[in-house]
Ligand code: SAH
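Just the one chain here, the form predicted on its own, laid out as structure tokens.
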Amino acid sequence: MENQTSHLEENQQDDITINNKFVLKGLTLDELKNYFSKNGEPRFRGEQIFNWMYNHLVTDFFDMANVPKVLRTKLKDSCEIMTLQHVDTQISSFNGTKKYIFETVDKYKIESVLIPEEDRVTLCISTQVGCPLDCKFCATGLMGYRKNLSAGEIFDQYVLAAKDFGKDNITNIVFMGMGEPLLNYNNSVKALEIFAQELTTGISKKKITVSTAGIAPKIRELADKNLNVKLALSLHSCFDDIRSSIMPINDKYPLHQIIDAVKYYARRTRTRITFEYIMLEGINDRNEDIEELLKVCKEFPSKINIIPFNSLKHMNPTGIAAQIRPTNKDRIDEFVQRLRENNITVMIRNTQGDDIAAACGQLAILLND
């Protein structure tokens, strides 16, 4: 595990080409200004292109009205905007949750999920093709890992979803789809920087959440970036032995390191941490789990999202993953009540999209070697 994750942290995928054309999507504002300056154009062209790509979400250079036609032609011949293709959409018959299937240029498929609720519409986007962490309750971990997504591929999930559902209708973005965002740190941060720019209107960074299984050093790095997006930690147990059995990454970054990093993030960014907690029968739903959760939550501003375990039958799991069972509703209610009695903010996340394998922990596409 250590060698694998160390390699992934260092093996970042930055600038890419498509059909020998340089891909502009994924470049930050400064990078775009530098690109045009190096190619003999005024730096303000970078700001114009940034505005068209990330604010107006255009997919064709000839739709960029205030860019000279000669430059538009040049860009059409030498550069590319889109990094993904929309392959399919599945819609839940119960609540309208949408699962988008997108394909990268190198023919890998990824999934993003649009979740409509009464007071918000959340887009859950992916940062990797698959995931290397092998969490036993997660279909993405069971499918394996192939590559990091580029910053353009991360952002284009928003572009394609916004074109389908309406840009003004999407209120929140969560980096909670396929993959571990902080093992694709450079590209995840570049995507966050693009969203955070004032020219990228529509999504406030206060409405963006990054979820991590606990890559401690990268949590600290993200805090120092001053992006101040929200952070969610996939906690799922406050005991190292239990957490390691269902989340092998805990062997590399044990809980005391993760909690110290999260505490640093909360202090540095002045944001409240969200603990994600999937309820697993007989594993993390005991009275002693409640007591440890209370201790952790009282150390710094935080809240808990209680998540029902969603079936992994579509992955034909084996070993521990096949043995996991959901905590029953009565025990979940009792568990939550005990936490709330101690003045802990607790939300119970309703399962949405499980009929199309789009619920929390269900995203997966079988990969070919």
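Owing to the predicted nature of the structure, the values given are computational and were not obtained by experimental measurement. From 1 onward, residues are counted along the sequence shown.
Same protein, other form: the form predicted together with the named molecule, not shown, and the subject of what follows.
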TODO: May I ask you to choose, among 197, 122, 271, 211, the residue with a heavy atom within 4.5 Å of the named molecule in the model of the complex?
DONE: 211
Open item on the list: I need to confirm a contact call. Of 134, 285, 276, 80, which residue comes within 4.5 Å of the named molecule in the model of the complex, counting heavy atoms only?
Closed with: 276
TODO: Determine which one of 169-177, 257-265, 90-98, 187-195 lies within 4.5 Å of the named molecule in the model of the complex, judging by heavy atom distances; exactly one does.
DONE: 169-177
- [ ] Give a yes or no for residue 51: in the model of the complex, does one of its heavy atoms lie within 4.5 Å of a heavy atom belonging to the named molecule?
- [x] no
Open item on the list: Taking the named molecule as it sits in the model of the complex, is residue 234 in contact with it (heavy atom to heavy atom, 4.5 Å or less)?
Closed with: yes
TODO: With heavy atoms only and a cut-off of 4.5 Å, decide whether residue 312 touches the named molecule in the model of the complex.
DONE: yes
TODO: Answer yes if any heavy atom of residue 222 is within 4.5 Å of a heavy atom of the named molecule in the model of the complex; otherwise answer no.
DONE: no
Task: Within 4.5 Å of the named molecule in the model of the complex: residues from 39-71 (heavy atom criterion) - done: none
